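Form predicted alone, single chain, as structure tokens, below.
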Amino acid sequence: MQAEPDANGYLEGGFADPVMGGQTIFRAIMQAMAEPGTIRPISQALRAPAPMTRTMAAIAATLCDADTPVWLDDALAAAPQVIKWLGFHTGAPMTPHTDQAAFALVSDSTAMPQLAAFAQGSDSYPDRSSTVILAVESLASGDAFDLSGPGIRTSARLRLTPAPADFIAQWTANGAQFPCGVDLILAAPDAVACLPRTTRIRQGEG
């Protein structure tokens, strides 16, 4: 028997077609990860309790499961409906420890913990690192960053509103740990872009 949603509707808001919806989001993420800096539209954004954004919810519902501990920033962790929504739609356990998170959900980029605080993986198991899902207001305006590295033919430009504090310094330190280090998924209201740990970033002009 299907459970009835509670008064706040945390059981609602998932993919209308979980298989097709999840495949569409997964494909967009993989394309964005393979071509860093490219912006992929997201049309399968989900209805989710604030302050979790619709795009962040779609990404979490696609990637997170019972085997992937999830860390939430202070704003998300303080919202019981967010925790209930994630539990119901993903089955993922919550962890209070950044360095134990397979995925980290950050709703406020200006208050994001240092990238070094998240799980970094190891030389033997670099995949045991955190993927940070960061909500941003825009991927079309704001601070400009020039990107280079694998998956980028010459260079690419990405704009970010708002950017985390000391972003370039943090990202440079993150890349220096390769093959260890975190990967970053940027979740805008209607699009996604990715920065794998192999991407190099410098401040763009203009």
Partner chain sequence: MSTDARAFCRDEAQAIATYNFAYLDEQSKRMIRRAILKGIAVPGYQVPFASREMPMPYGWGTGGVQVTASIIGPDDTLKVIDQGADDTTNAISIRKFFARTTGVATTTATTDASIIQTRHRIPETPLTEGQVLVYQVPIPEPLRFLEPRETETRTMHALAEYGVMHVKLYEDIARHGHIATTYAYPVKVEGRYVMDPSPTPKFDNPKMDQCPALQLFGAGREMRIYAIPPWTQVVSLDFEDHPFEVQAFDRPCALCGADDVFLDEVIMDDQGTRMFVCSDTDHCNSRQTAGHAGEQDT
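Numbering follows the first chain given and starts at 1. Please read these numbers as outputs of a predicted model, since none were measured by experiment.
Below, we refer to the form predicted in complex with its partner chain, which is not included among the displayed structures.
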property: Listed residue that, although its partner chain is not shown, lies within 4.5 Å of it in the predicted bound form (heavy atoms), from Pro51, Gly175, Gly151, Gly142; result: Gly151
property: Single option in Met33, Leu46, Ile42, Leu147 placed near its partner chain in the predicted bound form, where near means a heavy atom within 4.5 Å; result: Met33
property: Exercise: Val70 in contact with its partner chain in the predicted bound form, heavy atom 4.5 Å; result: no
property: Its partner chain contact in the predicted bound form: Cys64, any heavy atom under 4.5 Å; result: yes
property: Proximity of Ser109 to its partner chain in the predicted bound form, heavy atoms at 4.5 Å; result: no
property: Interface membership of Pro162, its partner chain in the predicted bound form, 4.5 Å heavy atom rule; result: no
property: Any residue of 104-143 that, in the predicted bound form, places a heavy atom within 4.5 Å of its partner chain; result: Asp123, Ser124, Tyr125, Pro126, Asp127, Ser129, Ser130, Thr131
